[in-house]
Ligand SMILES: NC(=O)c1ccc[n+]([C@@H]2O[C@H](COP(=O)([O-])OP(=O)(O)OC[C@H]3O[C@@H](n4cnc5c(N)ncnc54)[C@H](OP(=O)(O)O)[C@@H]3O)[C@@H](O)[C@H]2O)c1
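In structure tokens, the next block holds one chain alone, the form predicted alone.
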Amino acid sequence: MTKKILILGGSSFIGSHFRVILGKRVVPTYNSRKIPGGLKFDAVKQNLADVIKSPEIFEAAIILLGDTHPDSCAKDKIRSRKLNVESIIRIIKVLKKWQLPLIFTSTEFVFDGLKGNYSERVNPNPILTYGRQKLEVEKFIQENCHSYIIVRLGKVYGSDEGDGTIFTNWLKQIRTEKNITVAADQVFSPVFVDDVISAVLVLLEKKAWGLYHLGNDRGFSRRQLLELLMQKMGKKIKITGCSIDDFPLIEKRPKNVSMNTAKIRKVKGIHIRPIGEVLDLIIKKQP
């Protein structure tokens, strides 16, 4: 019997794509948003062992659950730490007891954004609460686990209008507005959600344990990305550039969190599509 993959946080954006691509091969969990075939699991209040009765049916667990919104994490540090750190560490301890390999999705926000093009060899220095929480879990995994994959993700985007990601959010604005204001000084490494799924599965299949950066092969500002999308659409509207500091954010965002992704690109079978190629796909889907 083919073993299954446990998706902790199956109702998340990335989790929903794992469910679509892997189908019955996954067992997903959810908390507030019920999903078909999912197991109800409140990571703060419940123990994973009380929900999963037959861990032997799994080949690995992918940890996607948590609060991924920096301002939300900063607004209530006690609440977000209980979810993003304490509950995840409890889960990891159970997975270790079960001798189950784990995949943990971390973030480019473990860096302070002063230099950019960060490789896995650079020591993180997060300035965001969210980044500090992710880094704390990373360190726990590295110090206590053997069979693990930590994937630091750039900004993940999709291709379906209404999915709430960066390019699809702009589509309606480009069609209906005369001016769009975007930050021109925040640089990051976007990555297409389908490429995240395929890369994680390749790493798992190869048992390529360790830490990886997953994103585009260079950094982009929001303004550059919007200009690329408009160029692909054949549209031209006014873009007003501003600073990310101009937005009313609880914590100042790091300016350049672009990552060096050379390590993961050397793994045979992993393909991270250029942004232009995915933009063609996004535009093709439009009515």
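The structure presented is a predicted model; accordingly, all values stated were derived computationally and were not measured. Each residue number is its position in the shown sequence, starting from 1.
Below, we refer to the form predicted in complex with the named molecule, which is not included among the displayed structures.
A residue is said to contact a partner when one of its heavy atoms sits within 4.5 Å of a partner heavy atom; Q231 fails this definition for the named molecule in the predicted bound form, lying far away. Using a 4.5 Å cutoff between non-hydrogen atoms, D42 counts as a contact of the named molecule in the predicted bound form. Using a 4.5 Å cutoff between non-hydrogen atoms, V257 does not count as a contact of the named molecule in the predicted bound form. A residue is said to contact a partner when one of its heavy atoms sits within 4.5 Å of a partner heavy atom; L65 meets this definition for the named molecule in the predicted bound form.
Between the options V156, L102, V182, L203, the residue in contact with the named molecule in the predicted bound form by a heavy atom within 4.5 angstroms is V156. Look at 118 to 126, 138 to 146, 102 to 110, 174 to 182: in the predicted bound form, residues with non-hydrogen atoms within 4.5 angstroms of the named molecule sit in 102 to 110. In the predicted bound form, the residues of 18 to 41 lying within 4.5 Å of the named molecule by at least one heavy atom are, in order, Y30, N31, S32, R33, F41.
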